[in-house]
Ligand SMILES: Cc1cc2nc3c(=O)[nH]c(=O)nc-3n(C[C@H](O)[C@H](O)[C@H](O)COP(=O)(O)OP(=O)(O)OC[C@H]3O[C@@H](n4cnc5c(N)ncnc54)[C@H](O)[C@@H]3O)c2cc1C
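Okay, here we've got a single chain as structure tokens, the form predicted alone, with questions on binding and movement later.
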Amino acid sequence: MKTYDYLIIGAGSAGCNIAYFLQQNGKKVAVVDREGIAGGASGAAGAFLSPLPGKKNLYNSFVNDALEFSINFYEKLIPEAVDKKGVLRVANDNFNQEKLQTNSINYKYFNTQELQKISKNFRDIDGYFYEDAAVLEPLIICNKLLQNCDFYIKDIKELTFENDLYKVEDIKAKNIILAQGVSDSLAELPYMKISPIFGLRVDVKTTTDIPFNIHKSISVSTNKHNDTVSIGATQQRHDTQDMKCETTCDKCAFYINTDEEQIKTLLSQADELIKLEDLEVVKTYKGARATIKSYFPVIGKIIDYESSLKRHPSISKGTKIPEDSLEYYPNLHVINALGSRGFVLGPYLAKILSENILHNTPIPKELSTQKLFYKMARAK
């Protein structure tokens, strides 16, 4: 039976990145996943790395800081899996012309005539071009991140903690990090309400030369190193539905036999942006991305909700308790709710969490488990 410093449960962007950062700091790390490396939402992701425009605020500042860090990280890690050619954002209901014009990020505006000089295949669109944007190959990235870690395919149902060690089947670990995405958590986390957002990606081949990524309500990638183009979109939220994600979306009864219509819609939306000639669909991917209402991801030590309230009942009336006075599950951390920006946020969050674990560096409060804990405790 092998014993590890850290066992990561979940091999998507979150799990692979935190495993990499801990392993790079000399820790013995194993990762488990029931489907395989990038077998869920991360493998199905379009893996577009794009800035978040708009008037500067806490959330888009966080996303854009993460973007800068992560692009540099991936380019050093495995440059052949990164296509960095920028992105053209076309105004839509969420990002109208005014919001795109008044944002705090440097951009270049292209009108229809200018775009059609770049490529005759552009439709009658205009947009705002951001230089710092890229598209990745998710599976290549995740495999590279785990190349010095042990990996196991296991469907873990429970954790056992005895004699200061967690036992998971034939594995022992001093610490556990939950990076489970939309799957049922292995710890009680009533203050962390994860909602799945269904995403669809289609890889196609085309003779059209696409000079950069294009984003409106969907995203169309530039021509990637492997001669394919990725077209991806967030299709459907499940916030109001009582659903459990017990498998990947391609095997889920909710989506069986819906491929044809979904692909047709996605390709139609792509055609509104640019004409893709000699189009051939190569592969379709589906994945449910994990998010919470605030859109911020969450990282840190996992608080024992009931024990903390029992020890400090005044919390529910607004009393602020020092973080180290709360009750925590032993040696148990979480990194989750990366949403549709899993590969933008993954390395940045892993850096913050690893520094917190190894050096007790504070986690920004907007990302912390404490924020969600206090919000729920006071609401109740």
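Quick note: we count residues from 1 along the sequence shown, nothing fancier. What you see is a predicted model, and the numbers here were worked out from it, not measured in a lab.
The following text describes the form predicted in complex with the ligand, which does not appear among the structures shown.
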Of Leu338, Val29, Ala66, Ala350, the one that lies within 4.5 Å of the ligand in the predicted complex (heavy atoms):
Leu338
Among Val204, Ile156, Ala270, Cys149, which has any heavy atom within 4.5 Å of the ligand in the predicted complex?
Ile156
Heavy atoms, 4.5 Å, the ligand in the predicted complex: which of 55-63, 338-346, 309-317, 325-333 makes the cut? Say which one.
338-346
Does Ile9 make contact with the ligand in the predicted complex, using a 4.5 Å heavy atom cut-off?
yes
Are any of the heavy atoms in Gly127 no more than 4.5 Å from a heavy atom of the ligand in the predicted complex?
no
Examine Gly39 and determine whether its closest non-hydrogen atom to the ligand in the predicted complex is within 4.5 angstroms.
yes
Would Pro196 count as touching the ligand in the predicted complex under a 4.5 Å heavy atom rule?
no
Need the contact residues for 155-183: heavy atom within 4.5 Å of the ligand in the predicted complex, sequence order, or none if there are none.
Asp155, Ile156, Ala179, Gln180, Gly181, Ser183
